[in-house]
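Below: one protein chain in two forms, given as structure tokens, structure 1 then structure 2.
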Structure 1
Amino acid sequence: MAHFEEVCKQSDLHPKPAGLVLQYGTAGFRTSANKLDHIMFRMGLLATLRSKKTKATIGVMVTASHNPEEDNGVKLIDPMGEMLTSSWEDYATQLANTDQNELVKTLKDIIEKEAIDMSQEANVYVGKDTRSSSSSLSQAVLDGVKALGGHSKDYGLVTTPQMHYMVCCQNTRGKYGEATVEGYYCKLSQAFSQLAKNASNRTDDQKHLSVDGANGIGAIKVREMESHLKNHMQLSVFNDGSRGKLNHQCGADFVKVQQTLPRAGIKINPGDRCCSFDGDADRIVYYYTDSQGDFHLLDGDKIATLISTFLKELLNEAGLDLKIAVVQTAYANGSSTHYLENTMKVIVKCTKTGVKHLHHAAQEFDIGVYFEANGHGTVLFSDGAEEKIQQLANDTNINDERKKAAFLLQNTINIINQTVGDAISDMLLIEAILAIKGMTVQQWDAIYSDLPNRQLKVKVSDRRVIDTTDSERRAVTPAGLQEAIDDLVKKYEKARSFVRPSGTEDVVRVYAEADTQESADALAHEVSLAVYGLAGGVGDEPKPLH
């Protein structure tokens, strides 16, 4: 067929560097931008096949999220706005690594295996972040779609969650919202205005929020959103990309891992409510400093607690019997899990790291709140739960308290981006909850106290020697490692530690928590030494933090 000739011709313009092998990992492909041109072209091809197969619009987002500006990456978005189904991740890896002269054969294999009707129309939406490499790389995706005869729509600069939203809107024929950036702002800001009506007498101070945009796309988009929010919120946007470097000493990942204020580009006063987005605005963390200048972080665990408390109270007031659960990973602070299980008495589930795992687990419940500790998360409502809430909101025979709760639940559904974690949507929901509950960031922080914790990285020659079980909380290989960790953990109070190979970097990650920061730091260091010794450490031996 003519398309394959075109693929061959075009593919020569997007050559694969010899010997390069890349894998579709936790967050798609991610590496130095200069190695990705052929990957982008080929993901354009794959997205076109996926669209033909599903008879739906597929999304492609060009971004490397919180990684340095020099990196880039790409991920595919499935019809309902969710991550690409895992069975197709293997096709992505095959296509990425196949030699130029085998490309058509690899394509034909996929077409045959999936019984794809090539006469079916294909539709692919493409978006990109603000990296300097993103323009040419997203053009390579568009070239791939065109080569296989697919239709494409280039959304240009958008946040990752906006891209997921567009795909979902398109494939639900507008039921989820209008598939434009403007439609996104309208849907979210209308829901926010409705929720904010239920907050009494907020002062300008209470409406004020400092936002660290990580010098990325989130800064641009939150500014665009601001005009839709009218006088409901007052934003000061720092690290808006006009000067600083993307993700450099700022942004959600920096703040979470370093447990400190953005080192660059932000001016705040003690007590000010602040938040940081990551480079593609799918993560958010909150923080403030107290009068002593001490830093207080409100991470994904605190966000999940705030949101699930709010929802549980509304369900009670509405008299709705819906099952709510919180999904976390092993990185969730032990205090958060304890609080959720024992004080709030909600179901808590732990999954492997990576949003797709949390997302799937959250789909099992009427209402599933999922957050990674690093601030990536959202809330999922089952169709049944949405229907019940809708019915109640339309019921004229209920008392005012139930009516109000149903109205708040309805608008909470609308403010949330259920397709994926979304810094802007999460920010609006958190701001609405704080406003409705008349709560300060300090009061939110006081719901429970985090256990001091530390995250470290260890370089080893092959991180695949570490295999884990129990949602990554225990290592089964190499021999002796888990026993060594168990012995170290016993030395400390309230201690917990685990190790796992990263899915996005060539490192082993070490996590430790304990009753004091000194203990958490010491435990993390000792476990790093155990990893270094038993799992083939390379380079210098890990040094103590103090």
Structure 2
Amino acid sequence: MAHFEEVCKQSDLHPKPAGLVLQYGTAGFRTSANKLDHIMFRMGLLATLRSKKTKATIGVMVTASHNPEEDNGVKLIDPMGEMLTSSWEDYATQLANTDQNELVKTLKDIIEKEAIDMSQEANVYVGKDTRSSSSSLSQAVLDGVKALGGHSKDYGLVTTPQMHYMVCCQNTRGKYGEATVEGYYCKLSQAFSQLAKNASNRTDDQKHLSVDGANGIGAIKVREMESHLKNHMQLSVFNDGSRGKLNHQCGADFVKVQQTLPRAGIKINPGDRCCSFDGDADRIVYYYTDSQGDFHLLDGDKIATLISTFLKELLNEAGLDLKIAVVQTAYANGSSTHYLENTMKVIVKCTKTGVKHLHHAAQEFDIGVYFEANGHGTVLFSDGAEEKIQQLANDTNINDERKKAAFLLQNTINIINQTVGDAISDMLLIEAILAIKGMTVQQWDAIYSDLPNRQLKVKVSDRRVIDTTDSERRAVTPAGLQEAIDDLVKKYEKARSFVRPSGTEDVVRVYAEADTQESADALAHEVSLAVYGLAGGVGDEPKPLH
């Protein structure tokens, strides 16, 4: 009971603004930083209950990822470094929106429903990004943990993927790695060094990479890691937070959406290999400019193709019969799907948008590669797959080619952060693959050519009128919409289009691709008009793009 008195006392120091209602989404809570103090305190409470329930360490990360600097947010991390389980997302939403005087009652309801033993010890790890609001907000989380008698460890400034990594290391009792930032650097850099040894005679130019750190935490952490990479890599870090705003005209989201170089802070020559992280370093995209000055983006689809091709080749060389698949969403470019299925003969599975759907689907295979087009993704190896690779690497009776392939697979496993998409880990893996294969960024880009595409959004009075099926590729309601889309698609070559409701606002997202940019733009516009007419569009009807 003493704990609940402390909760009441502390809760008064973190009051809930009247009338504010927030929803725990795929990325946790996210909104203006000045509205989040009570949320952070309550997520400290929830993380403590989750820790007692699972008898494991739980993580809390204070970040708003690629959002503007004035926003902030929070996400909870489950015992194996994965995202919070969906039934507890409901508790998070409930707790966030409970009135001050009902808070203890809501807590007791959760305790009762989940049969939580309150005498069980609780441990919570807390990390934060570089936003000016993050310090006070992470303190509010720590206050919540303390109020319910939990133990906490404050990691201070870390990337989101590092926080996921720490939780997994702790709960696997070090089997996954050492739960320190230094341990993270050592594990990844040692694996990278081992892989880089298999690249023949790389020049300094080939080792060089320009990194846009989005003026966020990733820039700080990649700088800290540089010394661990010895002579294997040469980094030029731009948008490192010394000047310029977080995510402002830079970072992975800006580059992907605007299809252009970061506007600020980056100086590159034609053909230079570049990448951009997002604000909390869980997304990465690559790009370069050609001799004509044209911009070329290598997004999550290109990354998934490079990695899965490399892994499939190694499995063949090692003589290992493991099922490898690439998990995509409806937003994946049709050319990438076609190349993977028809040229590489890799299983491709399509799932709903949202990282947790991709992660879940990737777990169904021996090796599951997943990347959203926005550059968020990783590779998952089943326990069985890791075991087989390990056994082969230790087998003294195999030939040199199989031995080498097993060794490369082993180090590939160690370089990957399997808990979540991780810009630093993904960057090291991509650099290692390009080095081993002796590929330039242009050769990687030329594996297949993206079909021109366009994304638009249409404002509607209620996004719930749109219901979809087939991993969001077909609309079930409103009546007539899918038929209209099908008819429009028939007018263009190599075309497809789909619509889906936004998860956060009353807009419908429209995606279209076709053989030319002009056709993709025209199709997207015509589908937008169909959505506007059949799904309750509000405001002016969509205008043509040209």
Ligand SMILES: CC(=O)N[C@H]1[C@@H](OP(=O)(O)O)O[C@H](CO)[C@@H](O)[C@@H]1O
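By rigid core we mean the largest C-alpha set that fits within 1.5 Å across both forms. Each residue is numbered by where it sits in the sequence of structure 1, with counting from 1. Not measured: the values here are computed from a predicted model.
- Form assignment for the chain places structure 2 as the one matching the criterion, namely the form predicted alone.
- Between-form comparison between structure 1 and structure 2 treats the chain as two rigid units and finds the smaller unit turned 7° relative to the larger, from C-alpha superpositions.
- Once the core of the two forms is superposed, the Cα of Gly533 has moved 4.1 Å between structure 1 and structure 2.
- Once the two forms are overlaid on the core, Val510 shows a Cα shift of 2.4 Å between structure 1 and structure 2.
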